[in-house]
Each structure stands twice: as structure tokens, then as C-alpha cells.
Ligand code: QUE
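Coming up is one lone chain in C-alpha cells, specifically the form predicted on its own.
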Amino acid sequence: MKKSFIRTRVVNGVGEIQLDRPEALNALDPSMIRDMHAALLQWRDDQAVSAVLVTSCSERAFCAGGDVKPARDAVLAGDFDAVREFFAAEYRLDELVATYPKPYLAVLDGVTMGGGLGISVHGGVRVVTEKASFAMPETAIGFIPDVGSSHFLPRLRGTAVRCDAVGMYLAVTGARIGAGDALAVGLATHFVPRELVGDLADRIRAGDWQEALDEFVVPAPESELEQRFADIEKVFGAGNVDDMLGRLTATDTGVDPEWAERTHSALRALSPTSVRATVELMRRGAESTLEECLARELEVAVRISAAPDFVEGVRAVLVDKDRAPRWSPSQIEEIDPATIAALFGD
């Protein structure tokens, strides 16, 4: 039998899911999505289970995202039914997490990207350590930020501050942020130092997760991202991709020039089709329910996977790992608006 990459157990009323695919940084393959979904369904109506805890067996990662290489293989084989089912199954899992009727806690220690946010951010408690790092890097592989990100990224909030511009920035650029940043915008809820996170998990397993949090949570580290909010708002707060690029190259916006140059270069290196599609996806998601966002993301995901950049982007980043994708078209200005409209079924 094929080894399962999901370990499950119930101790003192706490159902625990451990991600156990360390060689792939716990990237979610179809079997992991299936097994995790099955466990959550079983525990949902089990009165012996009062809460769910999700942890990782890897010291390097919570979850590096969905393993999209099988989806690329299906695209190359022309099997778009398999592509649709791959993403649909992942999004069903994300929606189950979001609607789960019991306390859902995730311990995020290490890399947490893409699909890793899908199985954590939709839950009520997201504990991070100083080693946690977050990103939605899909525009670097010719894809779009998915797993409900078009719902949660436009709704990020800091302390009494709306952070929708930050959500757009994270979605479009794929920028990586740390634990303090995630806490500052609401992607994470609690901070526990790595040296104590094992003790925290043991206390949660003892059956009183709130008491465990009260004992081990400490003040969050500072956020570098929070110090950049003003610049991000000026560039990503409104308008289309062309407006954003223009603000990054303008000299009279009051934006830090070094940050602007780095961000401009980063945007230019990404899939032009993905960048334009992502901006549109986030704009629509800001006015939609999670259910609507997931349904829209599925349709766009299937359509954009058929475009040349997805196969090429996954090749460059995850297969050959040469980090030298050849995008088609190669420049943001070359994208036909009709191409983006077609991705959304317009």
C-alpha cells in the first residue's frame, strides 16, 4: 500500500492531523487532500472530538502549498478533467476548514505558502513561530493565488486599519513575509517561540487549548511589513496593473525609491498573464463570499492552467528548477484584455 502522508490521532478529545511529507515540505498531493478531508469529515460529527489541531512533522515547513506538478502533467496529457478535480478537491478541503463547527487550530512553524494557507488561514487559531514564513507565490509559476485567497487577502486587517492594499501586494508580487508581518495583518492570530511550540502542542493535546494559549503565547515580534504600509497603499491601493507599475517608476509619489525599484523588478519577472488575472481576481473577490471566491478561483484555475505560462512556470520553478521561465506574452503591456476576460468567462 502507498504510504499516507497524513497522520491522525485523537487524544483527550483533540483530533490531530500531522502533515508528514518532509521531503516535499509537506506540499499537498491528492492523497493528502483526500485523507485530510476524510479525517475532518469523520471528526465533524463525532462527539468525542471537541477540537482539531493541525501540525507538521517537518522542522522546515508547515506546508509549502499544493503539489501542482501532477496538475501540470495532466495539462500536458490534455486531461483537463483531472486538472479540475485536483483543484476542486483542494478547494473543498479549504471550504470545510472555513465552515468547520469545532475549534480548528494550526501550528505554523516554517514555510507556509499557497495551499498551506488554505488549510490554516480559514481556521480560527493560527499559531506562528519566529521561523514561520508566508507567501502566495502563484504568479511566479503562471498561476493565480487560489485556496480562497481572493476572499481573505482583500479583507486583511491590522490594528484598526484596513489592509486590502497589502492583500493586493501579497497576491500580485508573491512577496514572502514573516511571523510578525502575518500577525500584523491577521493571517496569524498568536505567537509562540519555536522552543516552546512543542510544549504548546502537548498542552493542547491535553484537552484545553484555550488554557494552552494563555500559558504559552507571548507578544508578537515587530513587523517590517507594517512599516511599509504607507508605500504599499500608495502603489497597490487602487487602479490596474499599469497604474501600479507607473507609481513604482514615478519620482513624485513619495514612495521609498529602493523599495519601489525592487518591487518593480519583481513584478516584471512574474508571469504577465498571471499578474493581470490576479489583480482582477482580487478586485472581484473583495465583493464576494468565500463560496463565490472558491467557485471563481476554480474556473480561472482550470482556464489559466491551459495557458502556456502554467506549464512553463511549473517547469522553471518546480521541475527543472532553473528559475528562468519564458513567458508568453513576455510583457505585461502585451496582454490582450480579452485574454483576461476569457479567463473569467466574460
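Computed from a prediction, not measured in an experiment: that's the story for all the values here. The first residue of the sequence shown is number 1, and the count goes up from there.
There is another form of the same protein, the form predicted in complex with ligand QUE; it is not shown, and what comes next is about it.
- Here the marked residues Ala27, Lys69 and Met113 all reach ligand QUE in the predicted complex, each with a heavy atom within 4.5 angstroms.
- Note on the partner interface in the predicted complex: the residue among Leu40, Ala64, Leu53, Met282 having a heavy atom within 4.5 angstroms of ligand QUE is Ala64.
- Only one of Val107, Val255, Ala140, Ala182 comes within 4.5 Å of ligand QUE in the predicted complex through a heavy atom, and that residue is Ala140.
- Exactly one of the stretches 285-293, 43-51, 30-38, 310-318 approaches ligand QUE in the predicted complex with heavy atoms within 4.5 Å, and it is 310-318.
- With contact defined as any non-hydrogen atom lying within 4.5 angstroms of ligand QUE in the predicted complex, the stretch 278-312 contains no contacting residue.
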